[in-house]
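Take a look at this single chain in structure tokens; it is the form predicted alone.
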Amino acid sequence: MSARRLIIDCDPGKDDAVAIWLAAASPELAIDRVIAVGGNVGLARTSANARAVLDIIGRTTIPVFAGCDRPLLRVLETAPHVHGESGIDGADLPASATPVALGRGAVALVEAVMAADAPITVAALGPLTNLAVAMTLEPGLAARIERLVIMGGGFRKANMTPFAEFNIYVDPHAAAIVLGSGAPITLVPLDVTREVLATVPWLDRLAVMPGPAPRATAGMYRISPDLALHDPCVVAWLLRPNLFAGRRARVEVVTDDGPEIGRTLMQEGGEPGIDVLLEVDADGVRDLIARRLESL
């Protein structure tokens, strides 16, 4: 059985780094390219971090493109208080010697999907600016994506404001475009990801593994105020969907200026419907991540 082709759109970020390593360690997935976006830290950092994350595991042939450096209509808000000034504080990765790929990230996304002779899955781990721009550039893009798996939103939980999750809050207008696009979407919200924590025993397990990726993961999470393994849940769902459960619903994003901007609202039975994950086997996901990272 051939590996599933995967584009990763991300803003590394410690949890983005772990998600990339999980995908790279999984023979079921073939990473076609990585596209960076401004989010957890600025674009210069996220694109450099993505290359460093791939370099440390010897995957230097996977191209990393620089995408959008700011949201569609808002000023970029970053999260150095969570990820550190570098975005991956605690990982202690050497700077990448691999150059950023030529071309704009949104264009590279369009080109890869539209020219593919087999379906491509997209994992969106940061603000959805690149995806929204790509869908605007190519209106047929949504229909050509096999599956778009998004880490974002929250219905019982929030982490940026009392109402909004970070990725959606940073660019709510882009999120509204993407979630309303009609693409086949699986949404992985905080309701799930905040259940999958980097516990002390789990970090101890990683810290004694021989490879650089598990040790870097332990280093990043030991100093982090947010222990949730948000973005790796996206890749975990691609590998083991039986570890999750949810429902089909319409999801809208509050884009009006005000205290609720970036809030996600779920309406069951509405269209376009997306698959919203709401339950998770946290122990199963942690074990999957640890076993795969050990192989790197």
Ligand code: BDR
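Bear in mind that the values here come from a model prediction, so they are computed numbers and not experimental data. From 1 onward, residues are counted along the sequence shown.
If you look for the form predicted in complex with beta-D-ribofuranose (BDR), you will not find it shown, but the lines that follow are about it.
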Seminar exercise, completed: Given 52 to 60, 239 to 247, 225 to 233, 30 to 38, the stretch touching beta-D-ribofuranose (BDR) in the predicted complex at heavy atoms within 4.5 Å is 225 to 233
For this session: Could you check which residue among Asn159, Thr121, Ser181, Thr98 gets a heavy atom within 4.5 Å of beta-D-ribofuranose (BDR) in the predicted complex?
Result: Asn159
Problem set entry | Touches beta-D-ribofuranose (BDR) in the predicted complex: Leu148 (any heavy atom, 4.5 Å) | no
Exercise. Closest heavy atom of Ala216 to beta-D-ribofuranose (BDR) in the predicted complex, within 4.5 Å or not?
Worked result: no
For this session: Report yes if any heavy atom of Asn167 sits within 4.5 Å of a heavy atom of beta-D-ribofuranose (BDR) in the predicted complex; otherwise report no.
Result: yes
Exercise. Is there any non-hydrogen atom of Leu125 lying within 4.5 Å of beta-D-ribofuranose (BDR) in the predicted complex?
Worked result: yes
Exercise. So which residues in 15 to 43, when you check beta-D-ribofuranose (BDR) in the predicted complex, have a heavy atom no farther than 4.5 Å from it?
Worked result: Asp15, Asp16, Asn40
